[in-house]
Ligand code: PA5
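Given next, in structure tokens, is a single chain: the form predicted on its own.
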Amino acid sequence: MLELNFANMMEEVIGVRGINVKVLESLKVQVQEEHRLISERKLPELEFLELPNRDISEIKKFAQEIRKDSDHFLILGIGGSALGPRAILEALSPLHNLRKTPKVFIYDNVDPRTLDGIFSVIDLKRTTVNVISKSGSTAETAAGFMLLWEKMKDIHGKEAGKRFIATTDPASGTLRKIAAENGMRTLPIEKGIGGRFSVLSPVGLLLAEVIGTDSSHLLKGAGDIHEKCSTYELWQNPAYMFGTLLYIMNGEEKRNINAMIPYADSLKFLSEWFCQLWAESLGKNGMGMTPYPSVGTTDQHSQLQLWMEGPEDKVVIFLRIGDYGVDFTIPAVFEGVDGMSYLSGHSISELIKAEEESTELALAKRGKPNMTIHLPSIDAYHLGQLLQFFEIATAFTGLLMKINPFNQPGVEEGKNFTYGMMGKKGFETKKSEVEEAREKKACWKI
């Protein structure tokens, strides 16, 4: 079971920059109030908590079909619709495209060079495209979909729809309508599931099944950590404690930067997934905490200097792995070289664990707050725990901050300007605003 160790956040361990137990105790009533909102499902967007109990038979059926008739699986999506699947792919099947089929590609950034690269290596005759968009009108996803649809029509004719799976709203929306009219298979994103909380819905589970992972293990892990985090007792609930500690550090100590550093290359994209979840959920009303993704040990050689001697505005979150599932013993070579021979006989996993623990200790010794999430192994069960843990912690922290953790009003203005620039009906005034802004910027060039 996932475990949170927060000793290096506490005053008793790191000194005056740590949190006093009395401060934690003073928030008990508030924690219980927010727990009630969660346990009684007072917000419809808390539906993500029910995902571990959903029927996944149709997802498994579609994945079996894809593995049988496709050499390539192409996901079109952005935000949580791409970050979630990519986190699962990299964590559970690293170097996937070099070892297994169907080969997986995720197109999310509307970079034409990336799309050209994908077209150069996939065979559209043997490709299934998964279009992920709840509304179906997300500009980036819609553009990729339109391009792929034309190409697939040229190749497959009237059968083109059979090469697509639309993961979208179960009853309405642009993509739902197109799918129905063109014979596409569909999977639902239920109304209460927001994009960045959708990784354990068909958004992420179809990809998991396509790469050969039994998604029921992801859901079992998510369900087990949900059960552990279903108590209002702060000292027994790791998700609530995680959020409360960062809430205090942000409010009391002005530490509003959260560095996420997993000690596993395959969890780097999970760190990026967390960054969207944390930033988009909590960055509102002049409040929020800025996450940024790192990876150990690599970023000990690029970021640690800043964490040790830079501004007092950070909390470092370590992800420690218990069992990597594979290991190598460092051989007894170069025995006469002092700078290397000390490593002989030790294992690679022993070294990376020593690096992680040493970095924790070095930061704590300087009074720099940090905490560690222990993950027993990188497998579907424990990944499911980790994903659900962060989602519960994020929802709880938003409620603790007295904001809505499920909306993203700040994103909409940029979208509206894009709609205006691209000529979408009803957004003509936004196009005019863009043109006026361009004129103002014209003289400020060198």
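Only a predicted model underlies this, so the values are computations on that prediction, with no experimental measurement involved. The first residue of the shown sequence is 1; numbering continues from there.
The protein also exists as the form predicted together with ligand PA5; that form is not presented, and the subsequent description refers to it.
The stretch in contact with ligand PA5 in the predicted complex, judged by heavy atoms within 4.5 Å, is 74-82, chosen from 238-246, 178-186, 74-82, 323-331. Annotated contacts: Asn8, Asn20 and Arg255 are all free of ligand PA5 in the predicted complex [non-hydrogen atom within 4.5 angstroms].
In the predicted complex, ligand PA5 lies farther than 4.5 Å from every heavy atom of Gly221. Contact check for Ser135: a non-hydrogen atom falls within 4.5 Å of ligand PA5 in the predicted complex. Remark: Gln408 counts among the residues lining ligand PA5 in the predicted complex, judged by a heavy atom distance of 4.5 Å or less. Interface residue remark: Gly195 is counted as part of the site for ligand PA5 in the predicted complex, having a heavy atom within 4.5 Å. Only one of Glu90, Glu356, Glu280, Asp108 comes within 4.5 Å of ligand PA5 in the predicted complex through a heavy atom, and that residue is Glu280. This chain is displayed alone, yet in the predicted complex one of Ser230, Gln276, Ser341, Thr297 has a heavy atom within 4.5 Å of ligand PA5; that residue is Gln276.
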